[in-house]
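Given next, in structure tokens, is a single chain: the form predicted alone.
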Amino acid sequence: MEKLVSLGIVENYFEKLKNNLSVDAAIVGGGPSGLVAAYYLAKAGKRVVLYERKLAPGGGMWGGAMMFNDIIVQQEALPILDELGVCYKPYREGACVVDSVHATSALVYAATKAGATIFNCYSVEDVIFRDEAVAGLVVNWAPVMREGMHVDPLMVTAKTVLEGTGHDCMIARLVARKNNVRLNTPTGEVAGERSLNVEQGERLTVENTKEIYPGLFVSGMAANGVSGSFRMGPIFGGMLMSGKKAAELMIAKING
């Protein structure tokens, strides 16, 4: 039985890894926008893989606000919750209250049920840069990166890449710095996020979801961070709508 347990895990894992070395869409970061994008990409029949450096995907949605595990979602994003079967309670002025643990679990389940593959405990240390475009990711174990170990990575080719890393905008910063290129942002660089403004932050999260360099898209707080827009706190409708928009843009790019 001991051999069966180990063999089953190893054989299945390496089959899963082998099947995702060349994909339609590679997503960096398993926050709400990345998970929603993964769901819609997979639903459209695209091969999509998502890399999350932590043990559990979900980003900041798990903790709600100050560990009060509820979040707010505005009316415009409720169709996404309805499609994913997420429960919510109407509150005031078109806003709803959602249990953050329930919602985050539902996003993870929906993405994987639709056919997306999630690899947790992975870090992305670089991109594949070919013909002046982002053409994939360079990945390694998150503990290897955290401990600063000199271990070479593996490469994953992708027709499109989505950065959903949140406030850090790490992929956009890396692409601009290492390749000396201008991004599709107001400054041509990562402008950095501004302070909190809920209404502006929610609206601009969706507006700033776009292709910022050939092959590289941004969603969620990374979209606001690269364009110098506002953070918004524990309201997540913009994140959900940003993920859906990112998926639509990437599907159009993949389909040519």
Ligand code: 48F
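Because the structure is a prediction, the values reported are computed rather than measured. From 1 onward, residues are counted along the sequence shown.
What comes next is about the form predicted in complex with the named molecule, which does not appear here.
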property	result
4.5 Å heavy atom contact, A25 and the named molecule in the predicted complex	no
4.5 Å heavy atom contact, T165 to the named molecule in the predicted complex	yes
The named molecule contact in the predicted complex: V124, any heavy atom under 4.5 Å	yes
The named molecule contact at Y51 in the predicted complex, heavy atom, 4.5 Å	yes
Region of this chain that lies against the named molecule in the predicted complex, out of 183-191, 26-34, 41-49, 206-214 [heavy atom, 4.5 Å]	26-34
The named molecule: the contacting residue among A114, L78, M170, L84 in the predicted complex [heavy atom, 4.5 Å]	M170
Partner contacts for 56-93, taking the named molecule in the predicted complex and a 4.5 Å heavy atom cut-off	G58, G59, G60, M61
